[in-house]
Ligand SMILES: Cc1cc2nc3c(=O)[nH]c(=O)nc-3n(C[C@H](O)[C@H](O)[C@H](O)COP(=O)(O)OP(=O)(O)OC[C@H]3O[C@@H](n4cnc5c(N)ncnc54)[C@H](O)[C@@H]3O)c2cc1C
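Listed next as structure tokens is one chain, alone, in the form predicted alone.
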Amino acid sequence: MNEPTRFGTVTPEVVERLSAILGAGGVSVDGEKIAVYSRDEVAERFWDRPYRAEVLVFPESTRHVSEILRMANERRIPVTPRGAGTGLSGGAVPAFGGILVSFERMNRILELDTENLCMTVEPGVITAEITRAARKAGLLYAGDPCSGDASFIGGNVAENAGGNKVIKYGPTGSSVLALEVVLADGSVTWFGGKRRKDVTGYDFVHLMVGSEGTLGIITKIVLKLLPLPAFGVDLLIPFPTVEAAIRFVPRIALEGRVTPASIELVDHHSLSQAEKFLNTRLPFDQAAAHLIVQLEGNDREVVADETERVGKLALEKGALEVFVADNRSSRDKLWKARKSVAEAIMAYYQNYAKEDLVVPTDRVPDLLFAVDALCRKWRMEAANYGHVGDGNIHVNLLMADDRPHWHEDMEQARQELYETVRQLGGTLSGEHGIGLKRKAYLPQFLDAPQLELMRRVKLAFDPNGILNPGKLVFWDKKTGEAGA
């Protein structure tokens, strides 16, 4: 990726200006610190070269962000927003240097409005803190990404994180009512409000959600809250084959007449890595696959009845057993294993491709059959897990640590996998985002008119292309330059 000459650089004068805006403690040019902040969970060895910001800043208010962008836009200096760095697509990696904006100091819950069932927060609030604050008030924030104990809500919104409760509540965007946004020229605007209905103009709220910081920088978020379910149960259901587990999923709704909050799939390889990582064991851990089915409601008898129906149906459809976790300790143990799979794979493998694929739910078996065939062809392993209830499967292709030319082999395998996903009516990412990692593959899934429309939208919001350049949008439709 060649850096466009149209971008300005960070000079001593720029650093001085930033220090005047933020104070000396809000600006860092320390190389080691910048290196740490200039990455996310994608290991640097997967990039073609190290990517580094030129200066790191820590705003504490919307005014700070506005003044940073106004100055950067005047000088055409790239600006990359960063949350907690838990992303898996390189979305917060500064592809063209410039200014890296960390939101860790904009970390306040500003309002919990129980009358309008919403909460206003800054982008640097850890997602789990929002969940706890809502729960304390007897309310539910439905966003539940597996990284919730560490991720910032701003990053969840920027990537439209999905998480575990999408079946019942939708992804992060379904919980976003309004956003305060600083545009590229430093101007500040609000999209949306504490309203549940609004067709007054374009839906800019949900254009911003998932835009990966390429259209504006989010400085406040109004989140929808719901009544907190009084009762909850998690079912751990092992199956003898992955196919049997997946085929059971639609039966829960069609025959069981139940809408779970979550239906998660963890195959044997994924579970074994999580068990080793956590030094724990789950029941029937030699099974080919486990489903985690979460049921919740306000009537104990209704939840108990749904639990019985789903359990009985699972056994009829070939489950090896049904384990009921109905207390906090057992439920936490179960979900800790599920949420540790990604970290475990990164701990035990060096050569991997972590994919975030989505297909229509009835094509998930076809996807996993294709993954098996791909593994045989390329002499590799796979660990598959994820949100099977909404067709979002995290396929992890794994190659031996000592394999020569693994990178080239993995790239070819990924290309074949992507083509299969496209043919199955699927797409490239369900919740991790495009970022720096997947941008080159967008034309495989989006046609030319859509790519051109995205470019025009980008130009309308950010004429100088300074906002998170190198992500999501091809700047020059003729050359394919990835500057913005």
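When you see a residue number, it is the position in the sequence shown, counting from 1. Since the structure is predicted, the reported quantities are computational estimates derived from the model, not experimental observations.
If you look for the form predicted together with the named molecule, you will not find it shown, but the lines that follow are about it.
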- Would you confirm whether the three residues 143, 178 and 204 all fall within 4.5 Å of the named molecule in the model of the complex, going by non-hydrogen atoms? no
- Message: Check residue 342 for me: does it contact the named molecule in the model of the complex (non-hydrogen atoms, 4.5 angstroms)?
- Response: yes
- Message: How about residue 212 - does it come within 4.5 Å of the named molecule in the model of the complex, if we only consider non-hydrogen atoms?
- Response: yes
- Task: Find out whether any non-hydrogen atom of residue 60 is located within 4.5 angstroms of the named molecule in the model of the complex, and reply yes or no.
- Result: no
- Task: Check whether residue 147 has any heavy atom within 4.5 Å of a heavy atom of the named molecule in the model of the complex, and answer yes or no.
- Result: yes
- Message: Using a 4.5 Å heavy atom cut-off, which of 153-161, 68-76, 110-118, 315-323 contacts the named molecule in the model of the complex?
- Response: 153-161
- Query: So which of 274, 236, 84, 222 reaches within 4.5 angstroms of the named molecule in the model of the complex, heavy atom to heavy atom?
  - Reply: 84
- Interface check vs the named molecule in the model of the complex: of 395, 218, 246, 399, the one with a heavy atom inside 4.5 Å is 218
- Item | Interface residues of 396-433 toward the named molecule, as seen in the model of the complex [heavy atoms, 4.5 Å] | 431, 432
